[in-house]
Ligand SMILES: Cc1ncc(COP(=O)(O)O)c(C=O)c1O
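As structure tokens, one chain now follows by itself in the form predicted alone.
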């Protein structure tokens, strides 16, 4: 079964069988398009891998990545031409844990960690959990196009920032940093000996025609230290099975990661390991089908907004299934997710949680059926009919239409 052949169940049917927060946080009449979980059915190969582990009563502890190391390394080589030494791969419960544990050993006495808002909300909390201080260097934005502020990052590095937490691809704007930008970042990080922790969890979901570059590929040749934290959880919809990898990008950082507490691996789910293993080894066709379906929904959303909500600016993603929407033009206040949920019965992520730069924005999940997406736009347009105004000339965020 491919992703395109899997569950096209209406929201009501999914709500009746799924028990995650996506389906239980809000009342049944609210469309859940917030948390980053797909509505698609899990790949059959992953289902069978999990069932087989339960059949074999294989539910014990782990002490390392085992077969997951070559499986991830093979996927990285095939998809991104990134050659990963298997002994540089470590286990963690999830990407958030991988970030915190890396910060703890990299900055045992605390320190300043740079992030680039608007950015994945837990970054703020994870830095605090590791007893470090957040240093904000917002993304540069011009005419709806986002990029890293490399000059700002260099000032932050020169001012005492010890670690940079990179989001690659960037959540929520769907930005895939190009190789030249990453090479310049690597040169700056090497100059100031800043460790770059690159969250690359959305990388498997890079859209067709877009080139993803793992930061470690350009960091090591530049003499920069780096760590990649990633998982199959976003690409294959496996958030709840709890397994990720922490990958050292260079020899110095490999020695650092060797000092991780053994409990970091032991807390990882054995079911998660086998789900990730099946994803990387045997579920690549399912992934490609899921990406095709997401890209089709991206095109659909662009058309629906142009027709029904032209005052909303859509920053179209180049990876992942998260749509960053600017509602400032239709007057819904600093946190449009609240009135949209209360009056249109559509649950989106609040832009405010992504940092001050998220005022007036909300994030929408594209990994649903086209029918769900249409219903969401129709509900919002019906709740705010005055929003049907002329669209700004840069409505599509400077990204050409894709088909």
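Note that the structure is predicted; figures quoted are calculated from it, not measured. Positions refer to the first chain, counted from 1.
Only in words, not in the display: the form predicted in complex with the named molecule, which the text now covers.
- For the three residues 36, 120 and 167, a heavy atom within 4.5 Å of the named molecule turns up in the predicted bound form in every case.
- Among 316, 293, 202, 90, the residue placing a heavy atom within 4.5 Å of the named molecule in the predicted bound form is 202.
- A single residue from the set 147, 96, 269, 282 has any heavy atom within 4.5 angstroms of the named molecule in the predicted bound form; that residue is 96.
- The shortest heavy atom separation between residue 234 and the named molecule in the predicted bound form is within 4.5 Å.
- Within 4.5 Å of any heavy atom of the named molecule in the predicted bound form lies no heavy atom of residue 297.
- A residue is said to contact a partner when one of its heavy atoms sits within 4.5 Å of a partner heavy atom; residue 102 fails this definition for the named molecule in the predicted bound form, lying far away.
- Using a 4.5 angstroms threshold between heavy atoms, residue 171 counts as touching the named molecule in the predicted bound form.
- In short, of 306 to 314, 129 to 137, 79 to 87, 194 to 202 it is 194 to 202 that has heavy atoms within 4.5 Å of the named molecule in the predicted bound form.
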